[in-house]
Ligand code: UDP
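Take a look at this one chain, the form predicted alone, written out in structure tokens.
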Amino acid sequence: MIKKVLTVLGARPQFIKAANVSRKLSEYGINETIVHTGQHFDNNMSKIFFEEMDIPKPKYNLDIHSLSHGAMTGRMIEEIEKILKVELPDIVLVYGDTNSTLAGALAAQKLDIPVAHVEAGLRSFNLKMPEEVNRILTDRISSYLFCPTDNALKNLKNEGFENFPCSVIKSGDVMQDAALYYDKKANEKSKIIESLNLNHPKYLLCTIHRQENTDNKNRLSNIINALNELSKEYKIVLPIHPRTQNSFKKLLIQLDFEPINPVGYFDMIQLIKNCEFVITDSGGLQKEAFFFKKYCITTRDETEWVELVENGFNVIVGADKEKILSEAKLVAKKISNFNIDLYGNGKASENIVKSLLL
């Protein structure tokens, strides 16, 4: 019987996902200890962040960031191991595909503590992505694999997980739980539409942050040239990631529109809900566009969320300017039924906690 869970988190999106599971753990009387590795150092993760987002504050903050992959992961394993020896949890819960995810799983497994991986089975089939390596290794040493989609289940089956001593469970996606839970709060707290004067002009919501795009002048130039062209018809709302900002300066790339500062989760929800459609290289935003019934154009060469592509809600264009522009014309005229259950309809957190209690 599981009575105590230790959750390892390292990035702001992971806290938002985990908040929904934390609420369910509390409802079922399960004690939870949260460890924040500090992987994504974020000044916005202050007291007000945890209060406004209704997120439990971490008991431990390891403040490990700004290191190479190897140094970061090694330091995390060392520090998490110390905590596990003190806390003695029944299970360690990890999310997604960051270095924190892998470090938490490895530290637990070395101490013979079962690991539960939320967002298991996702694959881009691109081993050049550090996230892909983290996913594969974390899945292989987990006792509970909570898959958000049928495709994730299929990936694990193809990799032979039926022969491993683990439970593979289709839970649904905790990101949809978060989107549904925070939608009302976003309506109450966000003033982004008014502050940017977006009540009337048509606008596109865009994000660029993946290293494959920001560090490659040809790819980044093609994407920005497409956005510059689209800016003649739409207002472009581009919350600018620091890596992207540095790349614009370093690679001498000119924007014909004014980007905006990074925004919080509530503001992002409002920007998604009110835009015409989304252009992004973000994994999370691809799904959030679907949750709020918006089409998405993805500037990557592959996606983990293949069900969005298969059902016509998302299109993969790489960094091809002409493809971006042609798909933008098509997407602007598309009408689809978004009322399809691809991600569990907000029941993922409950499914996860109930499965842990079986």
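Whichever C-alpha set is largest while still superposing within 1.5 Å between the two forms counts as the rigid core. The structure presented is a predicted model; accordingly, all values stated were derived computationally and were not measured. The numbering used is simple: start at 1 and walk along the sequence shown.
Just so you know, the form predicted in complex with the named molecule exists too; it's not on screen, but the next bit is about it.
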| item | value |
| --- | --- |
| Candidate stretches 222 to 230, 283 to 291, 83 to 91, 143 to 151 - the one whose heavy atoms come within 4.5 Å of the named molecule in the predicted complex | 283 to 291 |
| Candidate from 262, 114, 130, 74 lying within 4.5 Å of the named molecule in the predicted complex - any heavy atom | 262 |
| Selected contact from 236, 268, 156, 166, since only one has a non-hydrogen atom within 4.5 angstroms of the named molecule in the predicted complex | 268 |
| Close approach of residue 102 to the named molecule in the predicted complex, 4.5 Å, heavy atom | no |
| Distance check, residue 209 to the named molecule in the predicted complex, heavy atom within 4.5 Å | yes |
| Contact label in the predicted complex: residue 175 to the named molecule, heavy atom within 4.5 Å | yes |
| Non-hydrogen atom contact residue 60 with the named molecule in the predicted complex at 4.5 angstroms | no |
| Neighbours of the named molecule in the predicted complex among 7 to 29 [non-hydrogen atom within 4.5 angstroms] | 12, 13, 16 |
| Core-aligned C-alpha movement of residue 32 between this form and the one not shown reaching 2 Å | no |
| Rigid-core frame, C-alpha of residue 52, shift of 2 angstroms or more between this form and the one not shown | yes |
